[in-house]
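Take a look at this single chain in structure tokens; it is the form predicted alone.
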Amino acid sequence: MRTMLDASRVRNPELFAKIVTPDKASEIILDGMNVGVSGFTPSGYPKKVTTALAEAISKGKQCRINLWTGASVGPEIEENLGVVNGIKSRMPYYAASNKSLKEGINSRRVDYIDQHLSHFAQQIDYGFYGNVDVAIIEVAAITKEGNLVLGSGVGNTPMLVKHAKHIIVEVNTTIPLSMEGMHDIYLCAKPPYRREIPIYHVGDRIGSPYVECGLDRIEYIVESDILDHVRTLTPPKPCQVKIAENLIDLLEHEQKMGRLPQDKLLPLQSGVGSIANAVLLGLDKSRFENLEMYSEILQDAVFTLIKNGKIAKASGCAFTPSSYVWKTYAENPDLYNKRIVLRPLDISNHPEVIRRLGVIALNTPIEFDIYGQANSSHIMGSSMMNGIGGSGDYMRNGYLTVFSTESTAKGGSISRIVPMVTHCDHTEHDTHVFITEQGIADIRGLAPTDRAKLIIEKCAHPDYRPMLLEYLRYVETHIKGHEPQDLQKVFNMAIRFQATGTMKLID
């Protein structure tokens, strides 16, 4: 078939015979198959083959797949297949931006299995979930040997390729070939032969710049020129700027107390979203220099900080390919190629490396409670908003762990600080510090009721602080136990909120 692909993208002449239409490639995907796709939040994911599959299902093909990824991917997969009921189950992560899949999960039409992101690749390797029947991988190029040059997202791609029975490669001509060499692909051996991961500094390279595949294992090649579908991050709001200022105050205080190195900070990790991006961006105006990041996703702020000379090295499993990022990258590719390392997800989020490097973990919850539990995934305890992602990997293993968010939501009608979270993803044992625009609550070494008093005083919005204090005084007086809660009052609060849309804590 005719193609715009050339030897710069497909470097072995034998491979040109494998170039087919997306419709042809999608024919090998059958009902009940485990289908793994490249990509991470949403970066480096395939678009053509899944769109063709969704169209075939809409015309009568009987096919519902088990979809395996790195994290959330774009609408060409989750939305297109969600609309036609083409997804039977989903692992390990999804985000609420794809509405059809969200509705399918919360109606239980789609079986969603939420997981810590560092776990999934190794559990595929262990054979816990069966075979990878088909892997669909987006690449910038295919080498002469048949190995894969990835783009902006690595995710779980190396493990999916390792175990796939059938491999479809989408060669996306919009990915800059200058990215070749940015990746560091390393696969851990299975126990009992597993060894330490030899990453001792953020920029260490321990693997290959390519995903090993081989000419014979590539079944089909599909040409693509579709950009990743990336949500635009909003400019920081004043309250988010204040959160960033509070974080900087915390880090400076930790240095003053001798709990962080004086010459430069330990590596930073940052979660996903506008708040996380705003918090990182606040470091641009700080006195900190030669910053390093060991994270999973590198958002827009990372490119700004590299451009401005603030970040010396950044390691992740993907970067967010926004129009701003591509424009910034194109201005000086060599700068970003030298500063950034992209790794497999199970390496970027590995507890061993996070602990060794002493990562400062910065994540954003939906809500947290007065005793220090945090909810990252559910609304009102039942409806899935998004998966837990990698926050647990970092919060359980970081040197210093911080949850930061605005103190209220929905224009101030909801307090994000509550007596008891409606769903607990992170226990009181996982977090050292909570930050809102109101202040900083350092709960290290505090008993439960002391934690509660500090969180209410420092983090709760003034509109809700009296109610939270009233609740705490009540349970301290009337409820016995180490961490007193009145479940009936918490339940009544939830019912009243669902009925009125306002947060009232006490009858």
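Quantities reported herein were computed from a predicted structural model and do not represent experimental measurements. Note that residue numbering follows the sequence shown and begins at 1.
Below: the form predicted in complex with a further copy of the same chain, not depicted.
Taking the partner from elsewhere, every residue among 126, 358 and 428 has a non-hydrogen atom within 4.5 angstroms of a further copy of the same chain in the predicted complex.
Residue-level contacts in the predicted complex: of 143, 397, 415, 240, one residue has a heavy atom within 4.5 Å of a further copy of the same chain, and it is 397.
Exactly one listed residue, out of 476, 55, 463, 457, brings a non-hydrogen atom to within 4.5 Å of a further copy of the same chain in the predicted complex: 476. Residue contact with a further copy of the same chain in the predicted complex: residue 327 places no heavy atom within 4.5 Å of it. Contact annotation for residue 352: at least one heavy atom lies within 4.5 Å of a further copy of the same chain in the predicted complex. At a distance threshold of 4.5 angstroms between non-hydrogen atoms, residue 392 is in contact with a further copy of the same chain in the predicted complex. The shortest heavy atom separation between residue 420 and a further copy of the same chain in the predicted complex is within 4.5 Å. Only one of 219-227, 376-384, 332-340, 403-411 lies within 4.5 Å of a further copy of the same chain in the predicted complex by heavy atoms, and it is 376-384. For the stretch 437-468, the set of residues having any non-hydrogen atom within 4.5 angstroms of a further copy of the same chain in the predicted complex comprises 444, 445, 446, 447, 448, 449, 450, in sequence order.
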